[in-house]
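Heads up, the chain below is alone and in the form predicted on its own; it's given as structure tokens.
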């Protein structure tokens, strides 16, 4: 192989590091720039923050913004697919109220939807799953919380976020605020390149020709861990623990947490070297919908204080706010007061981006698809033995 074709040299120092930074494939849906953050099909996420989730989904699958006609046709297609397969949420009743983390319920729910799989048509499976997610999420919230059936029947003409809020029975100004926050949350969290844990896990499972539902359920299991998608839950709990918006008290708290070697949630990023544009967008939304919320006031102060304190440590390459700093506080203000459900919103959004990436990989190489994932592991500390 000529030198110009050598993209990456694997060294011993790269081993046992979670493949961090090691190229393994290509991604057509999104990429992350260290300064400008995530881009969907080339569009900076800050430019997309106010579009509808349906249009963002169209973009990820088609790699372009829909025109008005395409946007309406895409919505109508989702509406036509919106009826859940019969009996697909019966497992929620069997699990029992309040037991297990909500992410476990989400994974189980997606697996149960696999009874509606369309044979040899993974694109239809992806569109169906996207269409089914609002009702699946609403039933998860209602049944796990012991509240029983939906307050209002599914009405997909309200859009993804509006339908979900309606099924929970949120009304009036509360519904308007909840939908506003949730619409932006879904768009901002849909995709984040190809190498994050949940996306990579979903694509790995799909490469073995598992169904879309099994693959996405695996991705949700990967997302559920505290080092990945559950960070927004941890961040809100951290903000609540701070308990003040006074700059001096916040600085004292941050320094005490660092001294105790506890994490400062909501700051830093594996790729970014500036404030996450998704955090910037959500701060603007917070100033719009809940500027006087005490929790948001704490977030506002943390955003000013924490980067300065963290920046004193030369080992910290990015002390700036990430998307999790604000997202949990906005969801709390929208009326979702139980942080352990927050990762399910993240999962709902990521279902769309991961599905788009799986469809891309299944159709790659002239329709042959990406081969089954099979990274090489080197034998170490395994001497040959004889019985």
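Residue numbers count along the first chain shown, from 1. Note that the structure is predicted; figures quoted are calculated from it, not measured.
This next part talks about the form predicted in complex with amidocarboxymethyldethia coenzyme *A, which is not shown.
Comparing 165-173, 268-276, 243-251, 200-208 against amidocarboxymethyldethia coenzyme *A in the model of the complex, the single stretch with non-hydrogen atoms within 4.5 angstroms of it is 268-276. In the model of the complex, none of the heavy atoms of residue 91 sits within 4.5 Å of a heavy atom of amidocarboxymethyldethia coenzyme *A.
Mapping the unseen interface onto this chain, residue 97 falls outside it, with no heavy atom inside 4.5 Å of amidocarboxymethyldethia coenzyme *A in the model of the complex. Within this chain, residue 290 is remote from the site of amidocarboxymethyldethia coenzyme *A in the model of the complex, having no heavy atom within 4.5 Å.
Amidocarboxymethyldethia coenzyme *A in the model of the complex comes within 4.5 Å of no heavy atom belonging to residue 130. The partner is absent here, but in the model of the complex a heavy atom of 316, alone among 151, 316, 118, 79, sits within 4.5 Å of amidocarboxymethyldethia coenzyme *A.
For the candidate set 126, 103, 231, 188, a heavy atom within 4.5 Å of amidocarboxymethyldethia coenzyme *A in the model of the complex is found for exactly one residue, namely 231. The single residue of 285-313 lying near amidocarboxymethyldethia coenzyme *A in the model of the complex is 310, the criterion being any heavy atom within 4.5 Å.
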